[in-house]
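Form predicted alone, single chain, as structure tokens, below.
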């Protein structure tokens, strides 16, 4: 994933750093304020956790129930093992209905699949209609940097320049004017689209419905105007009842955007009936595995509780410093540091389990109480067990462990070490370059010790107290 190289690039990006600083309070402060509206925050989080656990413990039952109810309502349900099957199913459905243009609501699972590239290769035009995703699409198909606000890493000025260049219009800097220009560009696509594709925040087993939560009207235009609607979502999004949905909706918008409720909450069931004026004539569900089934019953099953709110990354000091693109795949932040190694292979994302301080800010704000630091620690253990860490690191840790099991030798080593570090500081309180481990001081100075170990300082303190 080239994480370390990307981190250096993002830290040196002055515009990105300014945009990240502006974005932090919008997510963090607004969430803190709106969560206080709940009568009992922890009880609500615990209830949501139990709902998600029950769903996962009986996932096969809820998927079968959902398929039965959705089919009764006129939908067709398909399952996709991986990205290739997702793309094949969508292209086959599109060809069956003579589709030439598809309008898409925001869906991270389609990002997993690389669906847009597959559609273009099949001669089908995909149009991203979420404002952030649309901006990224016209900017050379740039990937999103956040799962809720995909373009929050860009400034208004950058978007103004992009719109003027792409739309061949006078440059605008007023936000209302920019959003109006985007609507003017997208409205013809909505009216001429043959198929709509959406994700799904949840699928409800008892009714065969999909719930979609969004702040933009594009979601409803994608799901009700075209004759064909395809929902693509992960198998773990199944929940049992509408009552479960109502509990989860108390937390999802608050955790994601700091709102008590989003502008649009759509619960869509079946195809258009004879007495209805809008809705699809053909509805398809593509329920995606892509690594999810392997986590059921494993020590990483807790990760499947995730409701994709983004709170973990919004509060993560690492993500707040480097943004989302440094993580190298669809899911950034703490959730991505767990999901990417699990879905893409631990050997392909060696740095990500270490891209965290384990401060547990992510665990504290997660609405469904996923123990993210614990999962990251488990991934680190897996790396060590499989011999995936660098040889120098493994040798150093083995040497440290050997010394640490011998208290007298350990005490002697620390005594020599603190005196060496004091000498290296040359009377200053910081060490600019740590010779034996230079990587530690490439991006920060190392605090210089006083020249005595803790044991020595403690023993001296005891003697002073006795006197």
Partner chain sequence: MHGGNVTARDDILGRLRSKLGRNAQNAATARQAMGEVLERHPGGPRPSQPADRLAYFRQRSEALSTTIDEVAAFADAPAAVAAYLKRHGLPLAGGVAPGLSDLPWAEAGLRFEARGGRPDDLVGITGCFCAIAETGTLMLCSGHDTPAALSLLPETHIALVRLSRIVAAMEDAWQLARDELGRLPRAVNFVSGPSRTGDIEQTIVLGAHGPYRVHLVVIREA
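Since we're looking at a predicted model, the values are computed, not measured. Numbering follows the first chain given and starts at 1.
There is another form of this protein, the form predicted together with its partner chain, and it is not shown here; the text below is about that form.
Asker: Out of 365, 245, 342, 87, which one falls within 4.5 Å of its partner chain in the predicted bound form, going by heavy atoms?
Answerer: Comparing distances to its partner chain in the predicted bound form, the residue within 4.5 Å is 245.
Asker: Looking at 137, 269, 348, 169 here, can you tell me which has any non-hydrogen atom within 4.5 angstroms of its partner chain in the predicted bound form?
Answerer: Comparing distances to its partner chain in the predicted bound form, the residue within 4.5 Å is 269.
Asker: In the predicted bound form, which of the stretches 115-123, 193-201, 333-341, 272-280 has residues with heavy atoms within 4.5 Å of its partner chain?
Answerer: Heavy-atom contact with the partner occurs in 272-280.
Asker: Would residue 162 show up as a contact with its partner chain in the predicted bound form if we use heavy atoms at 4.5 Å?
Answerer: No, residue 162 stays farther than 4.5 Å from its partner chain in the predicted bound form.
Asker: Report whether the minimum heavy atom distance between residue 50 and its partner chain in the predicted bound form is within 4.5 Å.
Answerer: Looking in the predicted bound form, residue contacts with its partner chain do not include residue 50, since no heavy atom lies within 4.5 Å.
Asker: Counting only non-hydrogen atoms and a 4.5 angstroms cut-off, does residue 237 reach its partner chain in the predicted bound form?
Answerer: Result no; residue 237 lies far from its partner chain in the predicted bound form.
Asker: Any chance residue 241 has a heavy atom within 4.5 Å of its partner chain in the predicted bound form?
Answerer: Yes.
Asker: Could you pull out the residues of 17-53 that have any heavy atom within 4.5 Å of its partner chain in the predicted bound form?
Answerer: 22, 23, 26, 27, 37, 38, 39, 43, 44, 47 sit within 4.5 Å of the partner.
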